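Just one chain is shown here, as C-alpha cells, and it is the form predicted on its own.
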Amino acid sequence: MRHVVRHLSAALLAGVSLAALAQAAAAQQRFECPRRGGDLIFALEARIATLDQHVNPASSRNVTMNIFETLVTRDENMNPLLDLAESVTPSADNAVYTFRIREGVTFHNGKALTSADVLASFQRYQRVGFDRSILEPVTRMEAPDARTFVITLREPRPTFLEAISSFTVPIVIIPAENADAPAQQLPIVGTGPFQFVDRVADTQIRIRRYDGYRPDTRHQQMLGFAGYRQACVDTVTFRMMPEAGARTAALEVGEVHGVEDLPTVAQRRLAGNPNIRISRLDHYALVVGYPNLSQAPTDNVLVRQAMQAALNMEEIMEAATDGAFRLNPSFQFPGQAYYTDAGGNLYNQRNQARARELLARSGYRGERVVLLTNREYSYMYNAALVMSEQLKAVGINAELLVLDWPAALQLSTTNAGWNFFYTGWTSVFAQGGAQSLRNLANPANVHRPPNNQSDDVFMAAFNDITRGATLDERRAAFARAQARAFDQVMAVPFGVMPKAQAVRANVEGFRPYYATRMSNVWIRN
C-alpha cells in the first residue's frame, strides 16, 4: 500500500482528505460470515421508482449500493476510499488522474471488469447522470489498456477525487454494452456482493448473493460501501412500507427483520423490547426545502424572503421529528470541516412583521403558493403542514399538494405546478464541502432557476470551492456560497434530525449508515 500513498502525495499536499484512499486494513481480524443462508426481509420507508442509480437522487441507494460498485467511494467517516480502483496516480498539478483497475472483478453476467467498462460508465454519466456537473471539468477520458483508466481535466482540481467519490447519485460502474441505455431503462447489472433478482412495482425488490463476488482483500472489514464485504444471507427482500405504523408493527411481530426508519414515538415504546435492537445516527439528515424559482410567485425574491422571515424552525422541527432535532443555521453541521454560520442571521427569524413588509414590497396579491410534499416521509409532510400555517398567518395563500414520494420527486424536477418542495439531504449533507451545495449549482439546480442557470454570485463562490488550492480557501468560498443561498432563499434548512433504524435481535452485523447496507449481515438461528 506504500505504492498508493506515494502516488497520492500531490493530492494530500493540496489539502484533500485522502488518507483513507490508501488505508491498509487496521490490525483486526478479517470478517467472515459466522453463518450463511436465509432471506432477510427489510422494510423501506418509501417507494422506489427506478433502480437506474445514475439518474435517481432519492432512496434507490438503499437497494442499489448493494448491487453496484464505484471507482472511488467514501468510508465510515466520509473520507474518499478506493473501491474498484486498485490505485490512483494524480499528476503533479492535479489535472490528470490515472487509475489502475482491480483484477479479478466480474459483473453479475459473468463478464470480467475492464477499464472499457469504467470509461463507458463515466461517459453515460456525462450524458444522463443527475450529478454530472462533477465531470464538467473533464476534457478527455481514456482506457489505454484493460486495467488503466485516465481522466484529464482542463484545469487542476484538488477536489476532483472528493467529487467523484460522492455517493449521493454515484457513478456506479456498469457493463459497457449497457452504457447506451436511456435514463431509467438501465439493466441492473453490477459488480457488488448482491445481484438483482426481480421487483414488484411499489411493493418489493429482491436481491440475492452473487457467488462470483470477490471481496477487496486490501481491507479486513466493510468501510462505507467498500472494504471487505460479503453477502452472508442468500437473499434480501426489500419491502416498500411507507406507513410508519404498519412498518413498526411488522417489525414487532417478526414479519420483517429490520426497518430503515423507526419513528421517535416507536423508539420510546420499543426501547426495552429484548427482541428488537435499535441503532441510531445522530447526524443523519438536514430537513430542507427549496422554492421553485421559475414559478410565480416564488420567482420573486421578495416573496421568498417573506416566506423565510415568517418561519419558526422550532415549531416545524418539533412536528417533523417528534422532538428529536437540533436547530442548525448552516448547510453543514458543527464539527465538519466546512461548517460556517455565514448567512445564519436569516435563519429562524420568526418575524411576522418583516414577512408582511416584504410581501407588501413584492406586490404579492394572494396568489397560491403550492407546497409539494408526501406522506411516506412523515417528517416532510409534518414540516409542510406546520409551515403552511405559519405562511397563512402572514397572509400567504399556502396550499398543500400531497403526492406519493416518487410522484412528488418527479414533479419537483419540472418548472410548473409547485412552489416549494420538502426533502432531506442525507448523504449530500454528510459528505461536506462542495457536495453539500451541489444541488443548488449548475446543472442540478433543484430550485429550478430560469433557464436552468443558478445565481451568478453563488456559482462564482461554488466554483471557488471546487478549485481552491487549500482547505482555507475552500472554506472561505463555502461561507460565501452559503451566505448567498440564504440571501436569495435558494434553499431553506429547517434543522438536523437523527435516524433510528432497527432490526430483530437475531440479525447480527447490521450497522446504520446513510443508506442501507446488507453486506456482512447474517441471521442467527
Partner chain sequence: MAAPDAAVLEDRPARVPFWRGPTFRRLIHHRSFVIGAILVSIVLVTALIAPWLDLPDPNRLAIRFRFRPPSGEFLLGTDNLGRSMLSRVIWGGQLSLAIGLGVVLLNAVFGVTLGAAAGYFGKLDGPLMRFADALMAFPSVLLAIGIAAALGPSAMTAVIALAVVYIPRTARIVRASVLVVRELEFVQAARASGADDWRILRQHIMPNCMAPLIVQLSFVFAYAVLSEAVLSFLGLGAPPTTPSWGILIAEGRSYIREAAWLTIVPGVAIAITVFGLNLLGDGLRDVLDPRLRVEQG
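Since this is a predicted model, take the numbers as computed values, not measurements. Residue numbers count along the first chain shown, from 1. For clarity, a rigid core is taken as the largest C-alpha set superposing within 1.5 Å between two forms.
Although not depicted, the form predicted together with the partner chain is the subject of the following passage.
Figure note: of the listed segments 230 to 238, 313 to 321, 206 to 214, 337 to 345, the one touching the partner chain in the model of the complex, with heavy atoms no more than 4.5 Å away, is 313 to 321. Contact annotation: Ala266 falls within 4.5 Å of the partner chain in the model of the complex, judged by heavy atom distances. Looking at Arg100, you'd find every heavy atom of it more than 4.5 angstroms from the partner chain in the model of the complex. The partner chain is not drawn, but in the model of the complex it has a heavy atom within 4.5 Å of Asn382. Not displayed here, the partner chain is approached by Leu400 to within 4.5 Å at the level of heavy atoms in the model of the complex. Of the residues Asp404, Glu86, Asp299, Glu260, just one reaches the partner chain in the model of the complex with a heavy atom at 4.5 Å or closer; this is Asp404. Checked against the partner chain in the model of the complex, the residues Glu389, Glu357, Asp145, Asp93 give one hit for a heavy atom within 4.5 Å, which is Glu389. For the three residues Arg157, Asp455 and Asp464, a heavy atom within 4.5 Å of the partner chain turns up in the model of the complex in no case. With a cut-off of 2 Å and the rigid core superposed, Arg127 has a Cα displacement that falls short of the cut-off between this form and the one not shown.
With the core held fixed, Arg269 shows a CA shift below 2 Å between this form and the one not shown.
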